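Below, in structure tokens: the form predicted alone, a single chain.
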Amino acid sequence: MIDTNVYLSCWPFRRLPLDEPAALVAALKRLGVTQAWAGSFDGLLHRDVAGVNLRLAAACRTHGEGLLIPIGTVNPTLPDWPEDLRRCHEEHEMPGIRVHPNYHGYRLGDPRFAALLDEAARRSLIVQVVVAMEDERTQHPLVRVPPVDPAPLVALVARRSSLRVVLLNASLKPADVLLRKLVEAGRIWIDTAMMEGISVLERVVAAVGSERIVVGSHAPFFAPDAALLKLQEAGLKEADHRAIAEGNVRSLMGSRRERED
């Protein structure tokens, strides 16, 4: 299984189980995870993005045992964001970047975000867009962060034929019209972390197919076991199970390598 959504470092508001890299890696390996795409909690609030990404890359090398793949933070509201993106690509050799528009104070219609997408597409970098980090009801009273509206992504990817986007932590329901539009855009993948409900994956696959769905645990904020249990209890056909667990991510990475070649 490939997990497209884990974090290293410490959640700013409380300690979490498994927030030590070695413990997280051990838990993921126990669940059969062979690769995990790791961002950094520090990327939410730290302005020294270069330092965040440097520490992330070092932690993945030191603790990852080949399992952790670093996915760097880029904040397009900061003046030196193109250099941060360049470092992610050229120095740290990251396959993609992770953005947190709500924590960094912009919407997806912001021209600065469009410029970031253009540069990421030019470099064949995958862009992970994080919709939310936690339920609004549990947020610290001084740090209220509403979820990102992902609807503009449909038009943004339509204008960028080489762009690949992974939407993380989107609380989409199987019957949502937006879910269908995102999937039909053809270059947006959606993770499972905040898809909630009994047999939710089975219902999502019945509604929109399995081709654009990937596993995301949002560990250590969520227990990583939940991602595996969600997949196991879905009662999917074997082909759909394999696609969500691993095949779709490999196709996503394969399409990126083809553009680089």
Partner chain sequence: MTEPPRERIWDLHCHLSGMPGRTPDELMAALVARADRMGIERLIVFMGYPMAMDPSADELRRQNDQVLQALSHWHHRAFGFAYVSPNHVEASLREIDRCIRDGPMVGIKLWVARRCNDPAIDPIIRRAAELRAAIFQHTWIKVGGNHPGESRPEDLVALAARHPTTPLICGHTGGDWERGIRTVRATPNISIDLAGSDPTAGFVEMAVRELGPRRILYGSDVGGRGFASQLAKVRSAAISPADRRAILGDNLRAMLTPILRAKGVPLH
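Numbering follows the first chain given and starts at 1. Here the structure is a predicted model, which is why all the values come from computation and not from measurement.
Unshown form predicted in complex with its partner chain; subsequent notes refer to it.
For the chain shown alone, residue 199 is a contact residue for its partner chain in the predicted bound form, at least one non-hydrogen atom being within 4.5 angstroms. In the predicted bound form, none of the heavy atoms of residue 32 sits within 4.5 Å of a heavy atom of its partner chain.
Looking at residue 144, you'd find a heavy atom of it within 4.5 angstroms of its partner chain in the predicted bound form. Its partner chain in the predicted bound form is not approached by residue 43, whose heavy atoms all lie more than 4.5 angstroms from it.
Look at 66-74, 207-215, 190-198, 32-40: in the predicted bound form, residues with non-hydrogen atoms within 4.5 angstroms of its partner chain sit in 190-198.
In the predicted bound form, its partner chain lies within 4.5 angstroms of at least one heavy atom of each of the following residues of 222-242: 222, 223, 224, 225, 226, 229, 230, 232, 233, 234, 235, in sequence order.
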